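Heads up, the chain below is alone and in the form predicted on its own; it's given as C-alpha cells.
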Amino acid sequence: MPLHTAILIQREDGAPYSPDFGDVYHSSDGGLAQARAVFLAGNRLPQRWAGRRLFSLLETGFGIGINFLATWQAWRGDAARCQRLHYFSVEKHPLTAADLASCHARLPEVAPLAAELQARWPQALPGWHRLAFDGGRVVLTLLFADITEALPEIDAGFDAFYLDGFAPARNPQMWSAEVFRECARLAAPQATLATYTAARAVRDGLAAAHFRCERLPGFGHKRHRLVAEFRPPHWHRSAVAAAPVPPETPVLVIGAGMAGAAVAENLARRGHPVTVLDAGAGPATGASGLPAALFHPHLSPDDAVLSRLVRSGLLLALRRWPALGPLPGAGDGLAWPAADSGEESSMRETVERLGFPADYLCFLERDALRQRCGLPVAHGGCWFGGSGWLDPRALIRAQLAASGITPRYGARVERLKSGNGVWQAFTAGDDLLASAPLAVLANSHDAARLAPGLCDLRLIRGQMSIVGCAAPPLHSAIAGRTAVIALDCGLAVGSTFAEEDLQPAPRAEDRARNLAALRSLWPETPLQDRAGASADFVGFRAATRDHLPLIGALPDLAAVRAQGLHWRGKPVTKLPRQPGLFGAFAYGSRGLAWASLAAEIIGCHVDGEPLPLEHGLAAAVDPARFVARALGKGIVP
C-alpha cells in the first residue's frame, strides 16, 4: 500500500490540526511544555537514564516530532545523560518536509535541533528510517507504517513509552488492546509509560497488559493524564536487550572490500579498536575493486523482501556516505530504460502500484527519459532520483582511514580458531596473524572456507569493459540489460554474469558481449575500441540461492548437531551461535546497497542495541536461515 503523507492545517491558536482525524497534534497550551510535563516527567526523565550506557524509548505517533525534540534537548542538557539514546517512533502518515518546517518555525526554543531533524527528514517511503544525531549518540528510528504492522516487527526492549496518537475517540486503532499487548511484549524491566489521555478504555487496556496506571492532573485544559509502570506477573519474560560486549572491545575483521571496510568503520566509530586482515596487497583487490558501481532500488510489484532490503540498505548508505567526505561518483539520478514494450508496460504499472515519491522513483515516457539520461532509448522506463554510481575503491579507502582501524595486507587467514573467549587468525604456516574477542567474516566467497557448512555460495564471475566513446557524455548512469557509466577514461559497460567460471583474466568474447549490449541500447554508439580486453576489470562475487546476503551472528553448527532435530521448528533467531563470531558476505552485485546496513546490524549486535530493520527482514538475512531450513526438512546439517 502506498504511504500517504499527512494533511496539515495551522489553527488560529497555533496548534497544528489534522482534518483527517479531527484532532490537534499537540495542546494549544504549548507543545514543548506538554512534552516535558506529560511525557518526560511522566517517565521520570531525565533522572531514569542517568549513568546508563543505553536508554531506549518507543513512541506511538511521531506527528511533528515535538516529543523527540524535547527529549533530545533534555538529553543534551543533562550532564548525567546515558551514553546512547535510541528513540523509536511509529508514524503512519508522516508530514511533508515543508509542513514539518512550518510547524518547527513556531518552536524557536529548539530551532537548532529542529533544523537538524529537517535536514535529515526521510522521504515518505514505507519501512524503517534510521537517523543519527550527535555523532551517533542519539538515534532516531522512524517506522513509517501502520502501528498494527510495525510493532510486531520490533525485536527490542524499551525502557519508556510515549503513547501520543490522536485521541482514542478519533483514532481507536492507536489505543487498541493489541497495541497495549505489544507494549508489554517490548517492555524492559521497570519500564514506564506516559500519555496525555486518561480515557477509561485506555486505563483498562493498559491494566490488562500488566501496566499499573496512576491518574494525575492533566496538562493545560486536560483534566487528567496517565503514568504507568510495567508490573508483569512472575511468569512473564521481560524484553531484555542483547548483552553488549565491554566498551572498546577489540574486533578482528577479515576482508578489506566493501563489506569489511563498512563493518570496520562502523565499529571503529563506536569506539572499538579494529584490525582488518586481507590477503591482497591493498584494499579492494577483489570484486570491490571495480572502477564504478551502480546503486539504485530494486523494484517488485508487491514490494517483496529483496526490494525492501535493498531500499533499507540504500537509504542508510546515502545518509552515511556524506560523512566520509567527497567521493568520486554521481548521485543525481539513474535511468532504467525498458528493453521492449512489454517491460515498459510492466514498469509503468509497478511504479503506479507502489506510489513512491516521484523524487525517489517515477516512470518516464520515452522522450522524457531520453532527455533525462542523454541516450536515444527506444522505450520509456524508470527514473531513480538520488541513485547513481560510486567508485567503490575510494569509498573503501575513506572507510579504512577512520581512526581506530589498523589494516594489514598480504595477510591471508588460513585458519580461524576460538579459545578462552578469543578468536585467533593463523597463516598457512600456523603463525598467529591477529586475535580479538570478536571476529567478522567479510571476505565474500572465501568466508565459506573459514566457516564451512552454512550454505552453498554461488561464485559469479563478472567482466566490466572500459571503452572509448567520442559522443557527448551521458547525463546519468544507465541500468537494465546492461550498465553504462560515464567515466573520465571512457564508458564503463557491463558486467557479464557467469556462474562457477574461474577465469581471472579478461576475455575478448566477454568484452564483445558487453559492447553488443551497449550497441543494442545505443545503436549509433561511436565507439573507439582500441584498448581491447586488457582494459577490462574481472571480479568474482558471492551470492546465495535466495539472492539475499548473510548478515549477523554465525550459527554454532556443532551445538546444532549435538541436539539434532531438537532444533527443528525453532525460529531462526533461537538457533545457537558461535560467541563473538559474525558474518557479512554474499552481497552478490549489491555491495553498495547492503554494506552500510550490514555494518549497522553487526554494530548493534555487538553493542546490544535495537536493530535498524524489521524482525522479518533481519531473519531473512540471518546466517542461520539455511540451517533452519534444513532442519525443517528433517536434515541435520
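Everything numeric in this text was worked out from a predicted model, so none of it was measured. Counting begins at 1, following the sequence as shown.
There is another form of the same protein, the form predicted together with a small molecule; it is not shown, and what comes next is about it.
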query: Option touching the small molecule, based on a heavy atom within 4.5 Å in the predicted complex, out of G30, G588, P576, P46; finding: G588
query: Contacting member of L306, A498, A279, V202, with respect to the small molecule in the predicted complex [4.5 Å, heavy atom]; finding: A279
query: Stretch from 255-263, 213-221, 153-161, 130-138 whose residues place a heavy atom within 4.5 Å of the small molecule in the predicted complex; finding: 255-263
query: Distance check, P273 to the small molecule in the predicted complex, heavy atom within 4.5 Å; finding: no
query: In the predicted complex, N443 touching the small molecule (heavy atom, 4.5 Å); finding: yes
query: Proximity of W121 to the small molecule in the predicted complex, heavy atoms at 4.5 Å; finding: no
query: The small molecule contact in the predicted complex: G462, any heavy atom under 4.5 Å; finding: yes
query: Contact at V251, S435 and A451 by the small molecule in the predicted complex, all three, heavy atom at most 4.5 Å; finding: no
